[in-house]
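To begin, one chain is listed below as structure tokens, in the form predicted on its own.
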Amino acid sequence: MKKILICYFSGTGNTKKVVEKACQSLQGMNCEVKLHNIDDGEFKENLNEFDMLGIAYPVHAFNAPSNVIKFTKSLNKLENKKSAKKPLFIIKTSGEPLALNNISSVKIKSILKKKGFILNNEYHYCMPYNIIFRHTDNMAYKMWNTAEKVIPIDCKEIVDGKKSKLKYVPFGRLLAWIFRIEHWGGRVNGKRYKVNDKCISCQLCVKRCPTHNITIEDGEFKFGKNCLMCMRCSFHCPKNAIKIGWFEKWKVNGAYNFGIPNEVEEEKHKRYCKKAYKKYFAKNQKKIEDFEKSNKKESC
């Protein structure tokens, strides 16, 4: 029985949803799986007790979020890292299937290699946006329905030791470093967040902020300098009462319905990454069909 640890960060729930499906799939393959939410604070696990490590996160400006990078830096080195490196797999989610998203794991891969882990598997799943624009419920359903079918196939690759890596674009390391300015920009823009008169003082934003960046002083909401731009506060605000600074026009509010839509909404962004989405869904559909054919042959 393989013992697997998956450490994850999820801004508004998409990555958590994917990780929970992966956990279910791996357990169905007789693996012992433990999940660690990076939000939970102090990490007490002994990495030497696990056969492999998984890191999961939502892509932020073609990079891993700053708290995920900080977390990987804080991990202890494996005791046996010189003799044999342990397998590492990375799961990432984003709202669009652009190849640039592949470079988001460059930094994490480098950090964990020095600690005794070698990247064997890397997967990217499209999940609906929590910033830029709101995907239709039909697209959200299509994204999750695809991920739900592909995740078990990818997990089997992980368990079987079949390597699967994403291709990095040319100059990927340099591009990742350049786009990492979002980490600094998020902190600057985060201080511009405001609460409007729709607020009912439920304080969900204060309680749920992963960096404890939101406080209340003298009855007023204060936004500090540690914002991740994860959108958890504004996305889940029950009254859509949080303004997100420079990106207010890109704000998305309210959870998605991942079930089969009751009606078809008008698609306002038909041309947005049209070729990339088409390629993403076609590639995964082929993977699903090939897997089903392979299973039928084995059962005959």
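Rigid core: the largest C-alpha set superposing within 1.5 Å between the two forms. Residue positions are given as counts along the sequence shown, with the first one as 1. Every value quoted in this text rests on a predicted model; they were computed, and no experiment measured them.
The same protein also exists as the form predicted in complex with a small molecule; that form is not shown, yet it is the one meant from here on.
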- Taking the small molecule in the model of the complex as the reference, which of 38, 26, 231, 242 has a non-hydrogen atom within 4.5 Å? 231
- Query: Out of 119, 204, 131, 75, which one falls within 4.5 Å of the small molecule in the model of the complex, going by heavy atoms?
  - Reply: 131
- Query: Heavy atoms within 4.5 Å of the small molecule in the model of the complex: which of the stretches 29-37, 43-51, 57-65, 263-271 has them?
  - Reply: 57-65
- Item | Contact flag, residue 127 vs the small molecule in the model of the complex, heavy atom cut 4.5 Å | yes
- Item | residue 95, heavy atom within 4.5 angstroms of the small molecule in the model of the complex | yes
- Query: Using heavy atoms and a 4.5 Å limit, would one call residue 148 a contact residue for the small molecule in the model of the complex?
  - Reply: no
- Message: With a cut-off of 4.5 Å between heavy atoms, is residue 137 one of the residues that contacts the small molecule in the model of the complex?
- Response: no
- Item | C-alpha of residue 272 off by 2 Å or more between the shown form and the other one on rigid core | yes
